[in-house]
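For reference, the chain that follows is the form predicted on its own, supplied as structure tokens.
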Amino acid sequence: MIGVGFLIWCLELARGIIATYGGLGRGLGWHALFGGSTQDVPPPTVVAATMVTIVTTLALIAGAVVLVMSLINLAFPAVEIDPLLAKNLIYFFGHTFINATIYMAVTAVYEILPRVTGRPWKTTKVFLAAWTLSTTMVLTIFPHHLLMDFAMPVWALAIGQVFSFVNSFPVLIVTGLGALAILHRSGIRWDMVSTLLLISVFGWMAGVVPAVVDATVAVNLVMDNTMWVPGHFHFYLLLGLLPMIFAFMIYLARGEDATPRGGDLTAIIYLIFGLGLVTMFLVGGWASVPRRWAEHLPEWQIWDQIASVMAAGVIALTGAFVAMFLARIPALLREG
């Protein structure tokens, strides 16, 4: 049901983009990228939404295929599923889908930063090229989760390895440098929203480093089943995705000039707790602490204890951000 809901959402996005811009290719700005004028290109948010629509739709189809195959196998065991095909479909779905959430959430950065700084985020050809490259590579890097599967074709693992390195740069660079360019000497008032947005860009970019380390074959052989893996994706989600969502929620509920006094300090405290948590995960992975274990050896528990304190701080501040949004809903309903 969740998958069907997301698919309907993707189809509605696609309908809107096609109706407004004339096609998904034009939503990605290909008419400008390959020789045309950049005057009639879609804004950055539409470019990102087009990419997310394409990759999420394909991921959902793959997930549906393996789910139906599994149900058929349960009902009719004689109809066998190729295990390697099933695993590839599962990882194609899962890896693509979770990546798409971050790519969609970054539209909060593209929309809100220009509003609070008074500077537009321009859709350049470099920006369009970066998003086109990422559209392709996000769909092809999932084999880096299968590096230890000897049955995988070597060429597929090689593509996953190479694209894991290359995919880290295009969109992250244009987003990171674009954010810094807009912020530089803008005279921005640092409040909760703007600070959360800056944290989100940092979390997205810095989270790439442990991810690429784990996608390296020599490292993956010894690190993939350790706490390093939760460390790298918590880096993305706690410090990349969630601050984007919190910033959007608070901006939507309170507007540009209504974030609470000291909100920037609250956001920085969230950063400290989040960094503390993911650092403990990464340190545990560096020390070969396995993931998915119900119990840890005594010498590992110091990192668990520190991480638990940091997690409590993250949960408390997350609750505060959500409460701040929910408290404004009655007023928003009255206003419109």
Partner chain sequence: MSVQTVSAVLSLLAILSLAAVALRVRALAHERRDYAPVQIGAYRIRAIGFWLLVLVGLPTSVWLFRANPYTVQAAAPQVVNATGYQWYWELDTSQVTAGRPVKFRVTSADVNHGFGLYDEAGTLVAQTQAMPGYINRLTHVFEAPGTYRVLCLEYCGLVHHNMIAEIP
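If you're wondering where the values come from, they're calculated on a predicted model, not measured in any experiment. Positions refer to the first chain, counted from 1.
Just so you know, the form predicted together with the partner chain exists too; it's not on screen, but the next bit is about it.
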Item to complete: Could you confirm whether residue 235 comes within 4.5 Å of the partner chain in the model of the complex, counting heavy atoms only?
Response: yes
Worksheet item: Taking 4.5 angstroms as the cut-off for heavy atoms, does residue 290 touch the partner chain in the model of the complex?
Response: yes
Discussion item. With a cut-off of 4.5 Å between heavy atoms, is residue 154 one of the residues that contacts the partner chain in the model of the complex?
Written reply: yes
Worksheet item: Contact between residue 228 and the partner chain in the model of the complex at 4.5 Å, heavy atoms?
Response: yes
Worksheet item: Considering 117, 266, 96, 107, which brings a non-hydrogen atom within 4.5 Å of the partner chain in the model of the complex?
Response: 117
Worksheet item: Looking at 249, 139, 102, 182, which is the one with a non-hydrogen atom within 4.5 Å of the partner chain in the model of the complex?
Response: 182
Worksheet item: Using a 4.5 Å cut-off on heavy atoms, what residues in 135-167 are near the partner chain in the model of the complex?
Response: 147, 148, 149, 150, 151, 154, 157, 158, 161, 162, 165, 166
